[in-house]
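Let's start with one chain on its own, the form predicted on its own, as structure tokens.
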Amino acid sequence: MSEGTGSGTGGGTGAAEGGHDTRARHGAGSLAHRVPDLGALELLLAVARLGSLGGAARELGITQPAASSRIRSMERQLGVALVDRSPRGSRLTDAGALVTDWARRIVEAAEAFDAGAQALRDRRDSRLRVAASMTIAEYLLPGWLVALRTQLPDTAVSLLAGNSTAVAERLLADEADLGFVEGVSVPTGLDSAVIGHDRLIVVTAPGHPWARRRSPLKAAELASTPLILREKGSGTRQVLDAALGGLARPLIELSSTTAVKAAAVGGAGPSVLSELAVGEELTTRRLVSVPVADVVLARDLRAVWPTGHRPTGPARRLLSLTRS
């Protein structure tokens, strides 16, 4: 009767006490400090199923003392006894049976979470979209992709080749997972890692006067001579423009290294190309390398990805292959 009177006449006090009781029941701070971890819940479920703390410990691959310590820690955390231990085995208390039912739902939810995460990883790993500037796409990526195929035979790879500006645009539009560029700087919005180095060289057909010269070309002569060039936005063009202060004169502008090389071999005029791209032509004397003085034509080859989104899955595997 007195309890009923207290509830009826002391509404304000009762509400305050109720609020205090609610806070006491639910605690404060993160759930992580109040709810046992998955390992402890799995152990409790194993004890319930096997009726033995030792058997549960063996099933989970831990020692019995470790299992006992984990159960005691969970009991302290929850403030109730969960397991009665005796020489005949381990039996759940009434509270333990109730907690076990809740634990089963939590573990089932965690298993569904894990299955969903694995499905996301499988979907991610089923494809790899690569965007690369032309020199890397034509002369380096084929070997890397063959090596990747041996490691990830079920991953479908698509390669989008373009100039360095186009590579950056595709990455920022989420149309590629990993990119490769050859320019003098890292495009805005991208992080990068240097994966190699390259050198541009001046080349011409054997019949061109430069093929017979004995003294190196000077920067001024190179800048004043019309050249067969890659288009603006390409890494090759960026490096040449930086070396000549933007004074390079295009005789023809072409959008691929192969096209530039073919024009140079055909005698259309001198060009500036990656050393990677002309090895065979130099060996067979279809092109001749022309020495250059006081012009820096070295460049870094870089892997790039959107800032803050480090490559994962197949993209990370490909990145590691480029470094090996």
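Note that this is a predicted model, so its numbers are computed, not measured. From 1 onward, residues are counted along the sequence shown.
Unshown form predicted in complex with the DNA; subsequent notes refer to it.
The stretch that touches the DNA in the predicted bound form, counting heavy atoms within 4.5 Å, is 59-67, out of 59-67, 275-283, 260-268, 295-303. Contact check for residue 126: every heavy atom lies farther than 4.5 Å from the DNA in the predicted bound form. Taking the partner from elsewhere, residue 85 is found to have a heavy atom lying within 4.5 Å of the DNA in the predicted bound form. Looking at residue 256, you'd find every heavy atom of it more than 4.5 angstroms from the DNA in the predicted bound form.
Contact check for residue 233: every heavy atom lies farther than 4.5 Å from the DNA in the predicted bound form. Of the listed positions (72, 212, 121, 197), a single one reaches within 4.5 angstroms of the DNA by any non-hydrogen atom in the predicted bound form, namely 72. The contact residue chosen from 216, 89, 250, 187 relative to the DNA in the predicted bound form is 89, the criterion being a non-hydrogen atom within 4.5 angstroms. Residues in 208-233 all lack a heavy atom within 4.5 Å of the DNA in the predicted bound form.
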